[in-house]
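For this one, two forms of the same chain are given in structure tokens, first as structure 1 and then as structure 2.
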Structure 1
Amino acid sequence: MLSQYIISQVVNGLCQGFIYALIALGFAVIVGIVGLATFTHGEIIMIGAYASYYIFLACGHNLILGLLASFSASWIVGIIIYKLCYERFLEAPEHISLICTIGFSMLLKNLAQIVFGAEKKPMLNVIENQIYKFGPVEISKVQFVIMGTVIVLSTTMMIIFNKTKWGIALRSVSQNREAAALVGINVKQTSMIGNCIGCAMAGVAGMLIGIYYQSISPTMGATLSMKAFSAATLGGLTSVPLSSLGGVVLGLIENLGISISTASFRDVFSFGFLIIMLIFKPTGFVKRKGARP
């Protein structure tokens, strides 16, 4: 029975970890390509969740539509954020754009409360309750779909970044802005696209979170910005694969930590992880030099 318990905690941790991975992935893309950090990632997750909520309300529980809705809604918000918080401050000291994103996060959160209403909204049974058993391991259909979506999205990102022209342009901007400009890449536009991709990832994560926890609220994004950052520190904030790994690790650490103590210590574990990572390996496990700080 004990092993069953541990296995289920591991599965829970993995599923949560996959969600964190998607969020951290988006975060790493933004920090890497734009070169500036964001405090408003949690609110974009919330926007994605609400976008999919309204689509489900209008068109039934169609996952593909939900994905498209959350993707596009957060892409658009990404454009707004870029214009408002980043474009003007690309050359300025980084604290200015950071504070701009803090202001934007406050704006979005309160606007959402006004427009959507402050109460929790249900996202019931978008995916039916079904449990699959693989030997001693039990995974629910929801968890399956979430992990599957995250894997598909991350792999797509990997392919885009490594094989397509656009992706290589994005990576080169991430590595060295001046050099990228010198070889003729439109740095400004590329940065914006990078930002939008990162936001879109967060938006899809929002939809998945809504489906998993079966409810959404305007303040749901609050702690998720921190989790994104914590997870991304594993990859020095900029490495996409390592940040995703960081997300999975964070999810596992939190859940296993809770299983040996109490759930009210969840934040202790995630902040503990963050502090330890920042103290011992602030640049993450990234080996290459010249990565953005």
Structure 2
Amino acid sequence: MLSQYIISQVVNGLCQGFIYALIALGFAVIVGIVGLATFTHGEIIMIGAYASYYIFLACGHNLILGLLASFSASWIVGIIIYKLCYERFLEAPEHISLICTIGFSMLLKNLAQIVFGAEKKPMLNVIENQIYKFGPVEISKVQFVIMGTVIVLSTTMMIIFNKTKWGIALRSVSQNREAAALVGINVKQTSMIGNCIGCAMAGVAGMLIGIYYQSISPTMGATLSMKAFSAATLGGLTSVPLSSLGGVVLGLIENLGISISTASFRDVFSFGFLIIMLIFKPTGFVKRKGARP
């Protein structure tokens, strides 16, 4: 019975970790390509969740439409964030754009409370409650869909980064902006695309979080953005695969931790692990500083 409970917590941890991985992937892309940190990631998660919520209300529980809505809404907001918070300050001290993202984060959060209301909204029965059994392992259809979606999106991102002309341009800008400009790459446009990709991944993660916990709220992104930052920190901030690994590890640590305590200690285990990890290995999972997507 105890082993069954542990297996269940591992599955829950993997599902939650996959969502963290998608959020961290987006964060790593933004930091790696734009070269500047962001404090708007939590609000992007929230916008993606609300975009899918209203699509589900209008069109039924169509996951593809919900995914496209969250992706598109977050992409558009990513353009706005880049134009207002990054583009004018690429050559300025980094704290200028950082302060701008803090202000924009507060603006989005308060606007969401005015437009959508401060109360939680239910996102119920988007995916039917069905259990699949694989020997001693039980996976719900919700978990199966969430993990499958994250795997498909992450694989697609890796193919784009490594096999396409856009991906080569994005990697070039992330490694050396000046050299990329010298070979004819439009650095500002490429940086904006990188920011939009990172935001879109966070938006889709917002939809998945809403489906998994069956509710959304204007403040839902606050803790999630810190989890994304923590996971990306474990991955060296700019490494997409290692940041994703950091998200999966945090999800597992949280759920295994609460299996021996209570759910109220969830954040204690994840952030405690981050602190301990950085004390003994400040570069996280990377062998050296400066790893890129």
Partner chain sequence: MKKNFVKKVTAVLLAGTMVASLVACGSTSESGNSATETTAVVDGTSKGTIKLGLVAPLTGVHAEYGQGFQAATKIAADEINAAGGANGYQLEIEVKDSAADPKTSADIVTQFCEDKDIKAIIGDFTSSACMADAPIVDQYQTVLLSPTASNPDYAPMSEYCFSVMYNQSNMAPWVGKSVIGKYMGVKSVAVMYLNTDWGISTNEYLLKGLEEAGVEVLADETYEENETDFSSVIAKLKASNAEAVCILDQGNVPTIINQIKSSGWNPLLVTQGPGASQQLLNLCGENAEDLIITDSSYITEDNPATKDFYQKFYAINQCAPTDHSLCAYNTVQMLAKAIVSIGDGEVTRESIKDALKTTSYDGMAGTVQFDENGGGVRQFLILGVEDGKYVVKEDYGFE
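Reference numbering: structure 1, starting with residue 1. Fair warning: this is a prediction, and the values are worked out from it, not measured in the lab. Only the largest set of C-alpha atoms that superpose within 1.5 Å between the two forms is called the rigid core.
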Is the form predicted together with the partner chain structure 1 or structure 2? 1
Post core alignment: Leu14 C-alpha displaced by 2 Å or more between structures 1 and 2: no
Verify the C-alpha shift of Ala263 between structures 1 and 2: is it 2 Å or more after superposing the core? yes
Met277: how far does its C-alpha move between structures 1 and 2, core aligned, in angstrom? 3.9
